[in-house]
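The form predicted on its own is given below as one chain in structure tokens.
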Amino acid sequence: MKHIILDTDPGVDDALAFLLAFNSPELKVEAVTTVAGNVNHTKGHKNAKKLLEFIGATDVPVCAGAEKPLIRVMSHAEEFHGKTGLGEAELPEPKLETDHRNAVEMILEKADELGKDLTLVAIGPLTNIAAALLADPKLPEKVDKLVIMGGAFNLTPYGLGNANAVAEFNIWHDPEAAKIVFNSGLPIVAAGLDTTTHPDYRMSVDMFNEIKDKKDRRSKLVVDLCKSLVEKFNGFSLHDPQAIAYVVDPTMFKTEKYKVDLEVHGELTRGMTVVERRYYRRVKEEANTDIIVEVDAPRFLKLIMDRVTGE
């Protein structure tokens, strides 16, 4: 069993990631930590509680984290995720209490407690992870790895930006935090737009209709979360669930190791994940990120259908 901390900014695809994580016996979610991103922190933190209550995981600590990027002005993606962050889904107001520990305290406490048995999974901006690294620079030596949904690495034809021409939203939202994380020495696995937007790995309209026909409570939630986006984008990119799926079963994924750094100053390139691809400059020892470049589509989509939907 793999012990994880789920760092998140719920978010439609974050909600699907919750369903996958908590219905995967391979994983034990030690805590949920929240960060501002897709929506403001107040909304995202409430959404995390709503999802935990829906799932029935009310014994999992939920810890408040960063309310804004390290130095940037807070942004959001409500035009994509909806005003509440959960599309058209309506869940009851949560009763779950916020844990007394903040996100950084929880990350550091669990790192000391579990050591290499702990995997950090960040599916929102990397503000909390960067803050934890600043608080304890030895964190990279303590935990097993960090798995993120983030980055547009241009290693496939689909590795283009969605926040701007070259940057993925989570990284773009707090590029200074991302720069700290990528240069920290933490072993990083990245599910970026290179594969999350690949047509073969998305939720197709046919897949969505199959979920719609199931009519159980989880499937109904998925439909309410995704239906407007499926209609708008002719399907839905399973961004955050792909990161969770990697932790569940990395054999479904092909990765390539590269050195990645961040552009934080560019007027047109803020948040660009810059990959060192020059063959004469690629030094194996300097590589800091395992980037997912290929997914076993049938196995991945079956995992989504089996665990995100149904009872």
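In this text, all values refer to a predicted model and were calculated from it rather than measured experimentally. From 1 onward, residues are counted along the sequence shown.
Although not depicted, the form predicted in complex with a small molecule is the subject of the following passage.
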query = Considering A177, V147, I107, L193, which brings a non-hydrogen atom within 4.5 Å of the small molecule in the predicted complex?
reply = L193
inquiry  = With the partner left out here, check for me: in the predicted complex, does some heavy atom of S219 sit within 4.5 Å of the small molecule?
reply    = no
key: Close approach of T273 to the small molecule in the predicted complex, 4.5 Å, heavy atom   = no
ask   = With a 4.5 Å heavy atom cut-off, would you call N162 a contact of the small molecule in the predicted complex?
value = yes
query = Is there a non-hydrogen atom of F153 within 4.5 angstroms of a non-hydrogen atom of the small molecule in the predicted complex?
reply = no
task = Please determine, with the chain shown alone, which of 177 to 185, 163 to 171, 98 to 106, 201 to 209 has non-hydrogen atoms within 4.5 Å of the small molecule in the predicted complex.
result = 163 to 171
